[in-house]
Each structure stands twice: as C-alpha cells, then as structure tokens.
Ligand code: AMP
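A single chain, nothing else alongside it, follows as structure tokens in the form predicted alone.
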Amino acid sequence: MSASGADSTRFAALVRSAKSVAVGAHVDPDGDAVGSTLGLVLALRSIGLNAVPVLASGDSVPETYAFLPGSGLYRAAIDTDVPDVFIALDTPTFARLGDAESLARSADDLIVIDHHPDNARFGTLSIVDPAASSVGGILWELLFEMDIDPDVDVATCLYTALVTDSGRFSYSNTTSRTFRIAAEMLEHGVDVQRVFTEVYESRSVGALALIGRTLERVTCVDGDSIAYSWVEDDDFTQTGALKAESENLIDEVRALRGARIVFLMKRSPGLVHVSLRAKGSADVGSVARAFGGGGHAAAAGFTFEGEIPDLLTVLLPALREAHG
C-alpha cells in the first residue's frame, strides 16, 4: 500500500478540515509532478475541498501537459495566498519547491507525498514510498483508502504521472503493482492513445531540431560505457524549441547501445543543470547527492555552479566509480 492506515487517516483528517489546500511539486515539473498535482487537486475538489495547484517555477504549465484536465487551474506560487494545508508532491526537500517554498513553510500543516528514497521527511505528515514507480501511483491508492472513487479526469492525470515516471513501463521501477494500478486507471476510462500522443508524439519542429543538436553532440568515454550531451540557452532561441520540450531529451541519449550511464547537461549563465540516468546496477543517485542534488539510483539530477569543462573534470571520475 502507498501509506499506512494511520497515515491515510491523518491525511484525510488534515485535508478535510482545511479551509484551503495548495498542491505543488518540484521546479521544472515533469509528467509525474504535473499529473500528480492536477489529479490530486481534482480529486479533492470532487469532495468539495478548496484545492488549487501551484507552480514552483514559471507562470504556466509545460506545454506537453497542457492537455491534462485542470491545467488551467494552475497559479504561480508567488500569486497564491498561504493555505491552511500545503501538499508537496514528488519533492524531496524544501529547496526543490522553488517559488512555493514560502507557502509550504507558512502553511499550518505541510503534507509530503513522495517516492524519492532520499526524501528528507520534512512535512507535518510525510508519506514516502521508495518502492512506488511514481507519486501518481501512490495517490491512486491513497484516494481509494480515503473512499474517493476517481473520475476519468483524475484517472487521466494520474495515469500520465504513472506512464511518464515509469518510462512508458520500461524502467526498472516498473513492477506488477505498477501494471495493476495502470489497469485500474484504464477501467476508469483513461484514453491511453490520447495520453501517448499528447506526451510523446506532439513535438514541434523546434523540438525535433533540438533533438538533432543534442544527438550531434553525444560524446562517449570509457569504452562507450558513459555517454553525455548538452544544450545551451542559445539552442532554444536558434531552434525555436521551448525549454519545456527538453524534458525527455535525456531519453534520446539513454537509447545509446552499450552505455551504462548517460547524462545531459543544460547550460545557462553560470549554472549547469544535470540529468543522470543509469542502466543495470550503477547508482547515479549517490553521485547526484554528492553534488548537492538527489533522486533515484537509476534517475537523478543536480545543479552545478560553473561551466561544463569544470563540471566534467569532477563528474566523470565520480561516475566511473559509480559503475565500477
């Protein structure tokens, strides 16, 4: 189960007694962050609660997920009043809440629901299940424990969370539990083909050009066991791609045969945002934590202050050690 009976009971008590609830996830939200946030908000609204989704960064939902029910409800965190209860999803630390951190710290109660193994358990109530393939899956089980029967809109949002964070049911976090939850979501009316088309087959010309640049830059080291690439701010201007369209770029590099560890660097002035992925037994989560970030053994990330050459000097030795 996603939560103990006591945790489920306490979660229900906290949200049902609140006059206002804000739900948010980490900065630069991915499919799990957006789908989970919207799914939970719509479920809470279905039982009469005043719940709103808030953005930890930016002022609009990433275009890839704008098709999801409830996406128009999003508010920028800086334009949102402090709620009675703040629910932080898919977020291991306060810092990852970005603009929403002050809301979380100021709320009467903070509920954390996550599947990152390194979650700091920083909530009044923290429900953390590292065995879950997505936060969307945890919420699906939690809603039934609260006697809330999700409608098709809630199911669509949470299915999107599930399918994206499991890599379309291909990552090592995919289990029989993942498929059972997915089957239940389909029974609630999810249009699988539409979700797939919207998320994976609706790229702009600019996004395809950005993929081309990324693949042209792929660099392999250590007998091709480590591969990396990068994008820069100018790439978005020159190709016309939106930054939100770079979310799945790492998967293009990950497809390289023989690579046990891959990473993608997104460079902006003075900063490099790094996404790490591993195949097999390599643990990139521990590497990310060593650089001040976090994540799972097979998928993690961090931000580096400096330039790409400086980063490679320290990151490559750490990754070599990670995969032995």
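Fair warning: this is a prediction, and the values are worked out from it, not measured in the lab. All residue numbers are counted from 1 along the displayed sequence.
From this point on, the text means the form predicted in complex with the named molecule, which you will not see here.
Shown alone, this chain has one stretch from 59 to 67, 287 to 295, 44 to 52, 253 to 261 that lies within 4.5 Å of the named molecule in the model of the complex by heavy atoms: 287 to 295. The named molecule is not shown here, but in the model of the complex it comes within 4.5 Å of a heavy atom of His273. Mapping the unseen interface onto this chain, Phe302 counts among the residues with a heavy atom inside 4.5 Å of the named molecule in the model of the complex.
Shown without its partner, the chain has His116 as the single residue in segment 108 to 139 with a non-hydrogen atom within 4.5 angstroms of the named molecule in the model of the complex.
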